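First, one chain by itself in structure tokens, the form predicted alone.
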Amino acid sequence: MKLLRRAIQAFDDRTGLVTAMRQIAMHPVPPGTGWSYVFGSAVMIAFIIQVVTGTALAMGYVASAGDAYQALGFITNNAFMGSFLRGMHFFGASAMVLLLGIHMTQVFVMGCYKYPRELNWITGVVLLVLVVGIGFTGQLLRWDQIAVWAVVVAAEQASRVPVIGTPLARFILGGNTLGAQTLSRFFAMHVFFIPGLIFAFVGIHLLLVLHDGISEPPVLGEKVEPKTYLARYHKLLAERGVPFWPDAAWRDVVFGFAVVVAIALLAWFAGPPRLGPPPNPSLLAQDPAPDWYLLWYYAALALIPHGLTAPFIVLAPVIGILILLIVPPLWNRGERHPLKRPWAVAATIIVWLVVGTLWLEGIKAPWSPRFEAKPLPVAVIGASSGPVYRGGVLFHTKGCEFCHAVSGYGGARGPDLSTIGDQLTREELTSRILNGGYNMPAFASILRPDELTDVVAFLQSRSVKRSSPAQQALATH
């Protein structure tokens, strides 16, 4: 032990790092910093898990369009602890996003962004954008059908941005189409560029925390005034401050340990996200949904009216980020206690309710084609032979049922056609099928004349007026 102490002392004499770390650990913090203050440290722990597991996975990953899928399959199924590492990396990313959201909510509700900590909040907003970006770029590295089409959809949405849409889509894809260059670009962004920025902004964020101090718990009726706040804060630290270690940091240690254990348990028992079929950009055979933490935005894009899609894609993220960035300059003084800031509490509740509602809708994804839809039973078709029966069979084999429901069978992307025979004439049905419509492809080159006749006959039979009592019950079920 004496030899070890001498070695540490010699190292500190030459670097000063041990003394600096001791000063950081012992720096005073306000009294009363309880469990609500643990989420910032937990985000850091989740990020460290990402760095460690990501480095281990990168050693076996091959960023090549021809080998990435097989390499990830080998890591998952054959490499020692490979599946566990992938699970840790996936759930670590989920934990980082969730904990960062909770941390920023706590900071906002408690008014911790007010003077002199405005830049702490702004660097936190930048880190939120970077964390979402690193999560999105990581999804493509699975290089399966779902991941590939999620990026294709993202590029298609980006292309709708006025003026810069086409260059932005080319930047995402690394060219005009998705391919090897896309994977290389996403790998570089996910492994090098974005993590480097996260390290830089985490360092700035921690330096600001040390410089400005940890915000004290809000007191009812006590306002933040820039002219007097620092003197009052330093007096509080001098009279009642406690050392960060161990008086406050032990909660960070306990909660951080719980985060690591939770991620490890999820990785062990739930495992990593399942690899889908190998990528085939020419075949849309999966629902191209993003990972869970982006499902709410995916749902918002799907539910927005058609004419507002392009403005929403451009304005919604920009406005959202700008609102977060202007919060400190506009409201950097005054009350901090939540009971004195009902507008802040109400805004927080509304945001979480909207995000949660959209997230639940994103899970159901009623706008996505239901490729697993089963063929219509004879009881639903209403005939076992003839044009109506053949049309009912074609309704499934030609993919119409994936987007349209009939008597409860099929998808919800398009209108329910259970009573379409009462709404459109034969001529109108024929025109719509041949020419297509919004989000509906034209079938003029897909259906033969006899097949078109059969499909129209089937759709005309979807009529409550002309159906049997049994069919009427099915149509209105």
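It should be emphasised that the depicted structure is a prediction, and the values quoted were computed from it without experimental measurement. By rigid core we mean the largest C-alpha set that fits within 1.5 Å across both forms. The first residue of the sequence shown is number 1, and the count goes up from there.
Form predicted in complex with a small molecule: not shown, discussed below.
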**Q.** Heavy atom within 4.5 Å of the small molecule in the predicted complex - residue from Pro31, Gly437, Gly408, Gly60
**A.** Gly437
Q. Though the small molecule is not shown, can you say which of Ala46, Ala68, Val38, Leu417 has a heavy atom within 4.5 Å of it in the predicted complex?
A. Leu417
Q: Would you please decide whether Gly399 lies within 4.5 angstroms of the small molecule in the predicted complex, comparing each non-hydrogen atom pair?
A: yes
Q. Heavy atom to heavy atom, is Ile433 within 4.5 Å of the small molecule in the predicted complex?
A. yes
Q.
Considering non-hydrogen atoms and a 4.5 Å limit, does the small molecule approach Arg86 in the predicted complex?
A. no
Q: Considering only heavy atoms, tell me if Leu424 and the small molecule come within 4.5 Å of each other in the predicted complex.
A: yes
(Q) Quick check for you: of 46-54, 60-68, 408-416, 23-31, which stretch puts a non-hydrogen atom within 4.5 Å of the small molecule in the predicted complex? (A) 408-416
**Q.** Contact check for Cys403, Leu429 and Pro441 against the small molecule in the predicted complex, heavy atom at 4.5 Å
**A.** yes
Q. When the two forms are laid on each other by their rigid core, does Ala412 show a Cα shift of 2 Å or more between this form and the one not shown?
A. no
Q.
After core superposition, I'd like to know whether Gln23 moves between this form and the one not shown (criterion: C-alpha shift of 2 angstroms or more).
A. no
Q: Could you tell me whether the Cα atom of Leu452 shifts by at least 2 Å between this form and the one not shown after core superposition?
A: yes
